[in-house]
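Take a look at this one chain, the form predicted alone, written out in structure tokens.
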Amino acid sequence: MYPELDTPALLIDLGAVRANVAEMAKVAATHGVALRPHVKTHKMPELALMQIEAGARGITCAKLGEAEIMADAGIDDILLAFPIWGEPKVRRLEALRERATVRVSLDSPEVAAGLGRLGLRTGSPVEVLVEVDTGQHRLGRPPGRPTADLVAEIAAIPGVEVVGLLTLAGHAYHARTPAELAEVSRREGADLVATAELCARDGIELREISVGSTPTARHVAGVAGVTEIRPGTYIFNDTAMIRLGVATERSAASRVLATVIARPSPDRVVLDAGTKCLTSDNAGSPGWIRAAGIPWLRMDFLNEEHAVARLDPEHAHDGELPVGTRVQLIPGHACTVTNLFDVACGVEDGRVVTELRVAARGAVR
């Protein structure tokens, strides 16, 4: 349990990371689609470069700050899957485009108009993907005619070039069965392909169909017409991925190492890692935080600096987990947890082998 580390500490199992990266690269290669992983999960240039070396076309970023840090590391093919609004951000995008190929996703003519002014000013149209709402109800219009009309409106704006459609089927995280997950995934791809065909009939040919969260990626990659998948969480996985059946405890590469600091009652265990290390995302759902190798320890609740867990009754009086015991906690949302640490400890075969700086931590603008 890495006695040289003080707790709480973020551990990254590098063997599991390599296996996860290779497996998703194989999924993409098998189906003949490009892999463009979302780096918001790890925020570390070293791991983004590992993904590219394994076959990824480029990367996906949520914010300009992430993209700038990745470009500093030499990554030159970036999708900004977030609308870029406002002159300060447009100026930063202009500078970023001088050192990387950058595409931007959006869902409004207003955002497109700002990017169009950049395209006209620089003499290089900004390539954009129009986001489609395939069920998450966050960004985008519904598939079919509503999106096709939006594509036509944006395509008429000087200085931008609509190159494709993009979606995130975030509602797949609520799937209750493997069959339901597979169907959400299939619809994610089919809806975009059908919408692109409608755009083609309107005279607008789109060459990119960009889809895929970690839960849906393995299914949607096989939908005819899909060109690109953008999973992110797969590199680390978390308890949400375990619940959905797309990961196991073994493939959960991100863990928070914590120490038992109190045993106030036989069934209660208190650890030194709260919401400032583990996040409250998915709080209270069954198995939302999992103690690796200790299935009878169940997380009850988190405060800022405390994790309070309960032992199953049959283990509550056997003296297990005394004060000082170290526990590896698998988080419910790996992406948010990464952003809570300045550094992570790369571990392999039970040893700490490197320190990884979370370079894009806090890059929210």
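Residue positions are given as counts along the sequence shown, with the first one as 1. Predicted model, so just to flag it, every value in this text is computed and none were measured.
Note that the form predicted in complex with a further copy of the same chain isn't included here; everything after this is about it.
Listed residues Cys335, Ala56, Met44, Ala67 were compared with a further copy of the same chain in the predicted complex; Cys335 is the one with a heavy atom within 4.5 Å.
For the options Arg145, Lys276, Arg121, Arg99, the one in contact with a further copy of the same chain in the predicted complex, meaning a heavy atom within 4.5 Å, is Lys276.
Contact annotation: Pro88 falls within 4.5 Å of a further copy of the same chain in the predicted complex, judged by heavy atom distances. a further copy of the same chain is not drawn, but in the predicted complex it has no heavy atom within 4.5 Å of Glu348.
Remark: Gly293 does not count among the residues lining a further copy of the same chain in the predicted complex, judged by a heavy atom distance of 4.5 Å or less. In the predicted complex, at least one heavy atom of Gly324 sits within 4.5 Å of a heavy atom of a further copy of the same chain.
Remark: all three candidate residues (Thr7, Phe82 and His137) come within 4.5 Å of a further copy of the same chain in the predicted complex, counting heavy atoms only. Heavy atoms within 4.5 Å of a further copy of the same chain in the predicted complex are found in one stretch of 262 to 270, 71 to 79, 285 to 293, 239 to 247, which is 262 to 270. Applying a 4.5 Å heavy atom cutoff to a further copy of the same chain in the predicted complex picks out Ala62, Lys63, Glu66 from 57 to 74, in order along the sequence.
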